Every structure is written in structure tokens, then in C-alpha cells.
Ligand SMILES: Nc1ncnc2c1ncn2[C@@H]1O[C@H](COP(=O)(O)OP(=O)(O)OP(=O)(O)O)[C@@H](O)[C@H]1O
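Single chain ahead, by itself, as C-alpha cells, in the form predicted alone.
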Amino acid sequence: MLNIQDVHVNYGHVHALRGISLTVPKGKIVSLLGGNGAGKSTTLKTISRLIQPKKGLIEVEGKSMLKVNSSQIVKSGIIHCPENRRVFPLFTVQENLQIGAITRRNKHVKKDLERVYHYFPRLKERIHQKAGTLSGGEQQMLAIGRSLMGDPKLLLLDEPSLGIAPILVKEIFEIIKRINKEGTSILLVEQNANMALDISDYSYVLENGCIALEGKSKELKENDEVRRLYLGG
């Protein structure tokens, strides 16, 4: 599905990504772990073409993404759900979801809207409520729902548990698993390493813009270094 090879990104004189390579197979969840400033969000922004890489290869389904812009990325089925939710606070829940489908002109939009409400019944209960009045957890649900309205083949999820009450985190991660089981590939950036390793098939650990470790998520969860640095054990 997604293939990244030897990608380098600079922020001015800062070498933010230093030749990272990773893949997201079709139908799988791949997690990207690491501390603050490791380059996780930069990786997602580079894939979605919000940042231009200095060098490297980015392919989706065998097609190069280096010469397309961010709007073309969305139309190709790569949808980025950013960190800190970033809903439109003065728009209602339904208006936010409709914005997610703005590039689509097909008969399945209404069906997908109902699918989002099926995943997130709380949103249906608040359909006419302004997004800025929702709780943090509800806003995260809305941000994910808005991303699903773009009909993603590949969903880039950036820190979905950030600032969310633990009981809602568990609920959101269960829904992420359901979304994947219904056919959407996912690249997950997540601070909660335990949760990320539990739901993903394969994981990469970023340190200072480089891939420091990679492997099957179940195996990494038993890795002593990963346990010491990210799992509190």
C-alpha cells in the first residue's frame, strides 16, 4: 500500500528525518512510536505532502507521490487525521463531517455519513451541536469521523489518544480496529505505546529522525529496550 524509502526532511538547518524507510501493507495497521521530536508527525506530514522531502521515495500502490500536491493526495485516498483534532469549532458536527467529503461527488457519501454515526453514536446525538462545545474525546471522534468521510484507502492517524480520558481512549481504539477490519489501512502515530502495539500488526520506533527499531508489534512489546523506554517496564 505505502512504501517509503530513504526519505530525508529538513526544517531549515535541522535534519528532521534522516533516511527513514517503512512500509504499510494493504489492510494492516502499522504504528510509529518514539519520543517527542523524534519525527513521527513530520513523517505523516511528508506523506500527505504538507512537507516537501529533500530526497527519497514515497509510493502508494506503486505510484510515486513526490510530484503531487496535498489535495491530490486526498483525492487518491490518503487521508490525514492531524494531531490536536483541529475541528471547525463554529460549525456543527454534521457540517464538520460534510467538509470531510468535500472532494467527493458520489452516491456513497450519505451511506458513509451513517457509517460514521454507527461508529460514533455520540456524534449522532450531537448532530446540530457546534464542534467547539464538544468534549475533547468527542472532538477526537469527530476528527476521525471527518477523515472517514474522505473514503480513505490509507488513514494517517496522529496521536488519537492525546488529551483524552482513558475510558474514551479504549473506546476510540476499539473503533480504530473496526475501521481497519472493514478494509482501511492505517499508519498510526501514538504516544500510548501499549495501546498502539496491542492493535497494530507491525511497528517502527523513531529516534532523532531515524528508524531505531522495527518488527512485529507483539515481538516489540517483549523487547527489553522498548519496554524500558516506552512501556514503563
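All residue numbers are counted from 1 along the displayed sequence. Everything quoted here is computed from the prediction, not taken from an experiment.
What comes next is about the form predicted together with the ligand, which does not appear here.
> Thinking of 93, 129 and 134 as the candidate spot, does the ligand come within 4.5 Å of a heavy atom on all of them in the model of the complex?
Negative, none of the three is within 4.5 Å.
> I'd like to check something about residue 138: if you look in the model of the complex, is any of its heavy atoms closer than or equal to 4.5 Å to a heavy atom of the ligand?
The answer is no: residue 138 has no heavy atom within 4.5 Å of the ligand.
> Verify the contact flag for residue 191: yes if a non-hydrogen atom of it lies within 4.5 Å of a non-hydrogen atom of the ligand in the model of the complex, no if not.
Yes - in the model of the complex, heavy atoms of residue 191 and the ligand come within 4.5 Å of each other.
> Answer with yes or no whether residue 29 is in contact with the ligand in the model of the complex, where contact means some heavy atom within 4.5 Å.
Result no; residue 29 lies far from the ligand in the model of the complex.
> Looking in the model of the complex, any heavy atom of residue 184 within 4.5 Å of the ligand?
No - in the model of the complex, heavy atoms of residue 184 and the ligand never come within 4.5 Å of each other.
> To verify the annotation, which of these, 24, 220, 16, 20, has a non-hydrogen atom within 4.5 Å of the ligand in the model of the complex?
Contact residue from the list: 16.
> Only one of 65, 179, 38, 164 has a non-hydrogen atom within 4.5 angstroms of the ligand in the model of the complex; which is it?
None of the other options qualify; the answer is 38.
> Counting only non-hydrogen atoms, choose the one of 40 to 48, 164 to 172, 57 to 65, 197 to 205 that falls within 4.5 Å of the ligand in the model of the complex.
In short, 40 to 48.
> Check each residue of 159 to 189 against the ligand in the model of the complex and list those with a heavy atom within 4.5 Å, in sequence order.
Residue within 4.5 Å: 159 only.
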